[in-house]
Structure formats: structure tokens, C-alpha cells
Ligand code: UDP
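Coming up is one lone chain in C-alpha cells, specifically the form predicted on its own.
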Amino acid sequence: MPPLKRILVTGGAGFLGSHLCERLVDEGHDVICLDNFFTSQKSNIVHLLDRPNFELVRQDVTLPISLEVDEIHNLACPAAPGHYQYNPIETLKTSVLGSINVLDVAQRCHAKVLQASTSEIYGDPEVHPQPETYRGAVNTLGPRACYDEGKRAAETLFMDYHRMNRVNIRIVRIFNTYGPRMHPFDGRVVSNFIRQALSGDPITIFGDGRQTRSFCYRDDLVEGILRMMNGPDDFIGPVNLGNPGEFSMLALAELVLELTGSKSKLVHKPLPPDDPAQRQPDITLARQRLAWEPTVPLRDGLARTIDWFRTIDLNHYRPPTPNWV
């Protein structure tokens, strides 16, 4: 049995963070969840509060952290465009100052630290699918830059702390992920489509709907994160984690309509600035170094997600920002 560890998860009450906390708690580790609840829900982790090896700290990651830990998963940052564009300066601070704070803790404690980076560092890609060697095509002046450039700067900080201060780091680049506990008003395409379909509202498609994304189920993604964190120290990344299956927005909308039995109509709206035309991960490196690849097909994962959406009361959720769709 592997040794039990003290593990800090920043952004631990969020969609992915809460599932990661749950997995680590079930493995017996001493888990500290740090979250400021800007876009997350306490309901995501309320079932963990009475577990003796789980602790919740309400704090913004941009503030100094004084904890003794063995490992850190840095997942703190708004990830939906409407959320991170609501306060772009704070979004950039979360990526930059938050990374500095967790890296300082890692250096002081000699802890291993993982950065949850993003496929958004590739911008609107000119290479398809995107390998880790691709440097990206990001508009530094656009409305998405606070997130895209913040995550790119975070990767730089992680590499510099590794080179200069010998901090034991890991970097994963997360592509679109979905599943139960997505915030119904986060503005992401999967949650938008499901919420609109179940409510009988028109399904909003931006542009002509031919732009593509890849969708990875949350359990597959958490497994990839843990394999990266627990892998050999000679592989620090970055590594793509995502599902290489590619779907257009129209195809996704039609599948959601089929699985929900909804009669909602499709409504087209203008495409937002800098919205990527294509997004698909090359996961060759993850297959080779982590023996990892997704196992949950989109149809199955969507069915599970829709089942969860049917159980929640939308009145118990509020749009975290005015920018949701």
C-alpha cells in the first residue's frame, strides 16, 4: 500500500477539484481543499466535510498560503470564458500569483506540485491535432488572453522554479472536460446544451456550429491527473490530457437532444472573438509515458451527466457572473 500523504488541492470545491478531492480522500490521504467559492459550490464537497481526513479552507489562492503538505494540485482558476472574462485582472492574478504562492509552499515543504494547465495555451491552433511541442497561436490583446496568457505564464513559473529552485513539478494541459457537478450556469457548451434541452429552451449555438471540440469525461481526466502526479520524476510534462474524439457543436447539440428527448430548437448567435475553430489533443505522449487514454465514450458520459442534471434543482444554483449564456 502506498504511503498516505498530506495533499493540498487548490480550487478543490470546483467541478474537477471536488472529484479529485473525493478520490484522494477515498484513498486515505489527508486532503486540504482550498477554495474561495467564486465559481464553485459548497454542495460539491459537503459530503466530504464529516470525513476525518478532509479539511476545507476558504481562501483565495492569490493570498500567501501557510500549510505543511507533501503534494499540491493547483486547480484554482475560473475556467469558463464567461467567468474568467468577468474579471480578467483577477483571473490573471489567480494564474500568476496563485502559481507563485503554491510554488513557494512546494519549495519550502519539498513537496511535489502539479499545475492544471489548459488546452487554451494553444489558442486558435494552426496545427491539428495539437501536440505538446506546438507553441500555440494566442491573441495577447483579446478578451480570452487573461486566461490563455495567465496559464502560459503559470507554466513558465513552474519551469523556472523547477530549473532554479529544484522544485518537483508536473504540468498537465487539460482539454474540454465534462460530467456530473458541472455548474449548470458555467457557460460551457455541455452544461449549456443540457440545461437548455431539459428546460425546453432554445439551444444556443455560436457561429455556424461547425467548430469542433473534444470532450473528456471527468473520471478519465482525474485518472490522468493522478497518473501524472504519481509518475516518475523524470517526466514532468507538459502532457495533454483529453479525449482525441472530435465533435462539432452541431453534432453535440443533436446528441444532447437525442439523449434528453427534448424538442428544443437550435438558435445561432455570433461567434465570440478568438473562439478556436478546432480543438483536439494529440495524446501520444500520455499513452506512452502514463499508459493513459480515455475509456468513456461521449454518448455514455453525456447520459451520466444528463442523469445528474435531472436530479438537481436549478434554483439552488446561481450564475456566478453576469456573463453566463
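Start at 1 and count along the sequence shown; that's the residue number. The model shown is predicted, which means the values in this text are computed figures rather than measured ones.
Below, we refer to the form predicted together with the named molecule, which is not included among the displayed structures.
Contact with the named molecule in the predicted bound form holds for none of Gln130, Gly136 and Pro238, as no heavy atom of theirs lies within 4.5 Å.
Scanning Met249, Val222, Ile171, Cys146 against the named molecule in the predicted bound form with a 4.5 Å heavy atom cut-off leaves one residue, Met249. Checked against the named molecule in the predicted bound form, the residues Val167, Ile205, Val105, Ala197 give one hit for a heavy atom within 4.5 Å, which is Ile205.
The chain is drawn here without the named molecule; in the predicted bound form, the stretch among 264-272, 46-54, 289-297, 23-31 whose residues come within 4.5 Å of it by any heavy atom is 264-272. Looking at Asn192, you'd find a heavy atom of it within 4.5 angstroms of the named molecule in the predicted bound form. Within this chain, Pro184 is remote from the site of the named molecule in the predicted bound form, having no heavy atom within 4.5 Å. Interface membership of Asn87, defined by any non-hydrogen atom within 4.5 Å of the named molecule in the predicted bound form, is ruled out. At the 4.5 Å threshold, heavy atoms of Asn176 reach the named molecule in the predicted bound form. Taking the named molecule as it sits in the predicted bound form, the stretch 15-30 never comes within 4.5 angstroms of it through any non-hydrogen atom.
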